[in-house]
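Below, in structure tokens: the form predicted on its own, a single chain.
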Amino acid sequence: MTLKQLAKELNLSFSTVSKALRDSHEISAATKSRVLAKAKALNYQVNPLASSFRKQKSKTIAVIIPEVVNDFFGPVISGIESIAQQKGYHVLIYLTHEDVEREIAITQVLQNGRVDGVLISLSEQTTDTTHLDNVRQKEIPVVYFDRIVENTDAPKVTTDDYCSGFNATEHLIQHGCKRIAFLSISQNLSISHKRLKGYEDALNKNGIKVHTNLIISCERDDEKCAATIRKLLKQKNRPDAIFAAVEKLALKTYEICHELKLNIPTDVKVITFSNSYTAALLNPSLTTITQPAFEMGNEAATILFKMIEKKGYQSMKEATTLASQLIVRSSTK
């Protein structure tokens, strides 16, 4: 059933039926009631795509993320969709797989008007965001979340990575640790260097020397990553704690400790950033810094829709920081 067919059934003009369905003040209440009743009886559905073309809106937003294999981005997407659904928008998900060239290619596709706005968490390879500046020059609003670039005037939504890094390290120190290794996946990422800075400042505050050989950037390749952690834990003067900036490095640490017959937490204590429900089920249960992932997605989407809907919001530069929570479990006790 199309709008044209509905108009024919009612013996009314196409324009009259269209205005009645949009609750126009030009149409009488009696005609509106008649049109709505017939539309319901004939199961007429409004075509949102056709409507959006007329308004020069795609009614779609893009979410660009590095991966979906961890438990962080799932809740973020749920938070984004909760706002998008309220606004009658569709959400397109794009994965960069931590590849900056793929990220650039995605943004080039999005510049043709396919979406009304973009939410992005950067790949671990991204150091230059010219490709995202180009999107903004096309008057498509962009909001960064979690993994951001500092030197941009676009809105950003992050968690308190520095404070979380500081608190996690101080928690280990309070439990007797003095040789704490910091493991990350990339020093390029904003989340990595903020967490690292918190780690370093906590050591300095407590009079513990920062050893550069305990600050390790791990490979993405599983075997190389395992080899790096194995070498670290086989040292004669091995670390007494591992602070993993991302969850997969903590899980790999568990695996290598089991292989080397090292006891967690007696031989090595472990703490990580993680939103995984399985952290509490590990043996021993894993101490985590849990981020408000759903709330981050919700806040980022709220800002994006302000920019889409209201003139003047295109120049928004606000930075929003959400608090994470340290959940102490057996791996650090």
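Please read all numbers here as calculations on a predicted model, not as lab measurements. Residues carry their position along the shown sequence, with the first being 1. Under this definition, the rigid core comprises the largest set of C-alpha atoms superposing within 1.5 Å between the forms.
Same protein, other form: the form predicted together with a further copy of the same chain, not shown, and the subject of what follows.
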*asked:* Exactly one residue in Glu247, Asp240, Glu98, Glu200 has a non-hydrogen atom within 4.5 Å of a further copy of the same chain in the predicted complex; which is it?
replied: Glu247
*Given that a further copy of the same chain is left out here, which of Thr127, Asn263, Gln174, Gln85 has a heavy atom within 4.5 Å of it in the predicted complex?*
Gln85
*asked:* Based on heavy atom distances of 4.5 Å or less, which listed stretch (227-235, 175-183, 98-106, 128-136) is in contact with a further copy of the same chain in the predicted complex?
replied: 98-106
*Would a further copy of the same chain be touched by all three of Val118, Tyr162 and Pro292 in the predicted complex, meaning a heavy atom each within 4.5 Å?*
no
*asked:* Can you tell me if Thr60 lies within 4.5 angstroms of a further copy of the same chain in the predicted complex, counting non-hydrogen atoms only?
replied: yes
*Gln187 near a further copy of the same chain in the predicted complex, any heavy atom under 4.5 Å?*
no
*Do Lys205 and a further copy of the same chain share at least one heavy atom pair within 4.5 Å in the predicted complex?*
no
*Does the 4.5 Å heavy atom contact test between Asn213 and a further copy of the same chain in the predicted complex come out positive?*
no
*asked:* For a quick check, can you give me the residues of 67-92 that have a heavy atom within 4.5 Å of a further copy of the same chain in the predicted complex?
replied: Val68, Val69, Asp71, Gly74, Pro75, Ile77, Ser78, Glu81, Gln85, His90, Val91, Leu92
*Displaced residue check between this form and the one not shown: Ser28, CA, 2 Å or over, core reference*: yes
_Distance direction in the predicted complex for the C-alpha atoms of Ile27 and Gly88, relative to the displayed form (3 angstroms or more)_ = farther
*Note whether the distance between the C-alpha atoms of Arg22 and Val115 decreases (closer) or increases (farther) in the predicted complex, against the displayed form; the change is 3 Å or more.*
closer
